[in-house]
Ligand SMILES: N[C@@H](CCC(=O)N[C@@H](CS)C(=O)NCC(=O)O)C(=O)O
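Before any questions on how it binds or moves, here is one chain, the form predicted alone, in structure tokens.
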């Protein structure tokens, strides 16, 4: 059985990707959660116990360690074909869209850091953030239209949906404006059992990492904090 090492559910968008992928596809794994340690160097030291990079997520399969969410998806796909679409043309689009998320959308990441349990009104929407939001909508509309939905690459949930799962939580937390098609996709994703389970556990977390909290609160006005005290 795989072992997946993750960090706090409220903050760790990178951990969410492989976790929701394995969970939604029914691929068995054992979860091991190590909270952020209140500083980059402290977290690095703690995570180095299981991850060569000192970062999360990291997947262990026996004595094989696979770090980085995209590498984990590809490793698991070699053993579980349902990770990516079966059709090569659809698979090419899905891989491209996932890779774009993996390496891009810097403004969305910096202005809307993932924090599942809060609701926040942004102070401003810089042009770079508007472009990222527009590109997300463009991608999602393209996938849903070309492949018929209800997921980005067709009738079933695949890795490309998992890679955009953190964006779904960001949209909920920051109340980002969307067109009707992309908003409907957000609601479908939020209704998935795996996403609901992640969210429920995130709200129960009592850990607070000062760096992540400060990063979030710099972006705007806190409207709600739904996490346990």
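Numbering follows the first chain given and starts at 1. Just so it is clear, the structure is predicted and the values come from calculations on it, not from any experiment.
The same protein has a further form, the form predicted in complex with the ligand, not shown here; the description that follows concerns it.
Stretch 67-75 is the contacting one of 124-132, 145-153, 89-97, 67-75, since its residues have non-hydrogen atoms within 4.5 Å of the ligand in the predicted bound form. Among 164, 36, 198, 185, the residue placing a heavy atom within 4.5 Å of the ligand in the predicted bound form is 36. Although the partner is absent from this view, residue 102 contacts the ligand in the predicted bound form, with a non-hydrogen atom inside 4.5 angstroms. Not displayed here, the ligand is kept clear of residue 216 by more than 4.5 Å at the level of heavy atoms in the predicted bound form. Residue contact check for residue 32: none of its heavy atoms lie within 4.5 Å of the ligand in the predicted bound form.
When the ligand is considered in the predicted bound form, residue 23 lies well away from it, no heavy atom lying within 4.5 Å. In sequence order, 12, 13, 14 are the residues of 10-25 having a heavy atom within 4.5 Å of the ligand in the predicted bound form; the partner itself is omitted from this view.
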